[in-house]
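Here you get one chain, nothing else, as structure tokens; it is the form predicted alone.
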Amino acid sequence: MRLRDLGLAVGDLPAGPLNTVTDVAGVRVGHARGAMGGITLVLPFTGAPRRYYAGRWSLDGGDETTGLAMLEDFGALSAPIALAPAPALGRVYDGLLDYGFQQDSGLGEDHGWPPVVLAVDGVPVPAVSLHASLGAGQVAAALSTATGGAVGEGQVGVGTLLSGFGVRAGIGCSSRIGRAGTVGVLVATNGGEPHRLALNGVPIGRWLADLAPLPVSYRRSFAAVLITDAPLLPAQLNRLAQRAAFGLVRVGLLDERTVSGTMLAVSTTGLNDAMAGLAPETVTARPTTEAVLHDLFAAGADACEEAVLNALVAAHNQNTNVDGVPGLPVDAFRAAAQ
């Protein structure tokens, strides 16, 4: 079940055919679980890895995200993007190294280097258990099952065990079609206060009286991947990542209690290493005009807001949360929103 199954939606821009990140051509997503927790991989390419322009916005500087030094130097990456619980970051990184060696034993920057892992803080099980449960095996499993089409949501992959707004949360996706192209997002939701939960500016959480807030000690966080087929340069992608995060603020996920979070934005068309007729050692770089960037900003923000709500709706009847956190009361939610 998703938000639109309740007769609700975010914003005015049209969604893509599946209303998910895979509405951007060539994008694939894979999930895998361990004995505790799970991981999610997003692949912004079909087949062998290739370079793509990327940018990011981080709440706290991004210390919990790998690959940022190369991203900031070159504005490009070529690896799958992993989302993993923070204690498992190093072991997932090693799994992505194994993948990179399969592509290029020298770990060339065009063929799967550097490994990119967005850490999700606050998964409510002992760090030692997450570290022991997740690693190269889960990376291999997620890679082998990564597909386009529909994406599992809620308590799947890295979304396993996550909570938000006093209810079960996890992975959510959405997409929007704007004048410049399609924008798709995948968000790991792990925080938010019940009274802040909102839809299209309506503070629905205030009318859901039975929702208990997460403990103050719960480390609230998020991780998000935004992919567009609009041709954008790295500096434009930095701006898109920042503006798309407005949707996380509007829905109530990103607030004063959020301890960490990174939005990684990718363009699948801005960089073309293979275009015919180029001079040796050059590539084609394509931007989108400033006049339509605001349209992409709106698309990213709306997709982020709906992705968070999709995570809550999808997880409402998935009973995998070890702390016994309840699911979203969807009937009351629908009634409050209409």
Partner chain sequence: MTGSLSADELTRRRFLGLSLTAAVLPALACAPGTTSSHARDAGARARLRDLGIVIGDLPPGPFNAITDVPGVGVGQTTLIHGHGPLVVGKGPVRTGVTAILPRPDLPWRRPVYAADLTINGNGEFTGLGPVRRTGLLGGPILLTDTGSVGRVHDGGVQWALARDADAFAGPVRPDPVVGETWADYLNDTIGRHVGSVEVARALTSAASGPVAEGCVGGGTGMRAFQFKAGIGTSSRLIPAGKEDAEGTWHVGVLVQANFATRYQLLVNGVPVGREIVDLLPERGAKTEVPTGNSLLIVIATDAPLLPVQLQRLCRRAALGMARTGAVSTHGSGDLAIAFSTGNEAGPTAAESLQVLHTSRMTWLHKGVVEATEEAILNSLTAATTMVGRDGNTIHALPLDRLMDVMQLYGRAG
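Numbering follows the first chain given and starts at 1. Because the structure is predicted, anything quoted here is derived from the model rather than measured.
The protein also exists as the form predicted together with the partner chain; that form is not presented, and the subsequent description refers to it.
Taking a 4.5 Å heavy atom cutoff to the partner chain in the model of the complex, the contact residue among A48, A291, A35, A69 is A69. Shown without its partner, this chain lists Q138, S260, S175, T160 as candidates; in the model of the complex, only S260 has a non-hydrogen atom within 4.5 angstroms of the partner chain. Using a 4.5 Å cutoff between non-hydrogen atoms, V249 does not count as a contact of the partner chain in the model of the complex. Contact between E64 and the partner chain in the model of the complex is found at the 4.5 Å heavy atom cutoff.
A residue is said to contact a partner when one of its heavy atoms sits within 4.5 Å of a partner heavy atom; V202 fails this definition for the partner chain in the model of the complex, lying far away. Among residues of the shown chain, D210 is not one whose heavy atoms approach the partner chain to within 4.5 Å in the model of the complex. In summary, the region of this chain contacting the partner chain in the model of the complex, judged by heavy atoms within 4.5 Å and restricted to 235 to 243, 111 to 119, 142 to 150, 222 to 230, corresponds to 111 to 119. In the model of the complex, A86, P87, L89, G90, R91, Y93, D94, L97, D98, F101, S105, G106, L107, E109, W113, P114, P115 are the residues of 83 to 115 with at least one heavy atom within 4.5 Å of the partner chain, listed from first to last.
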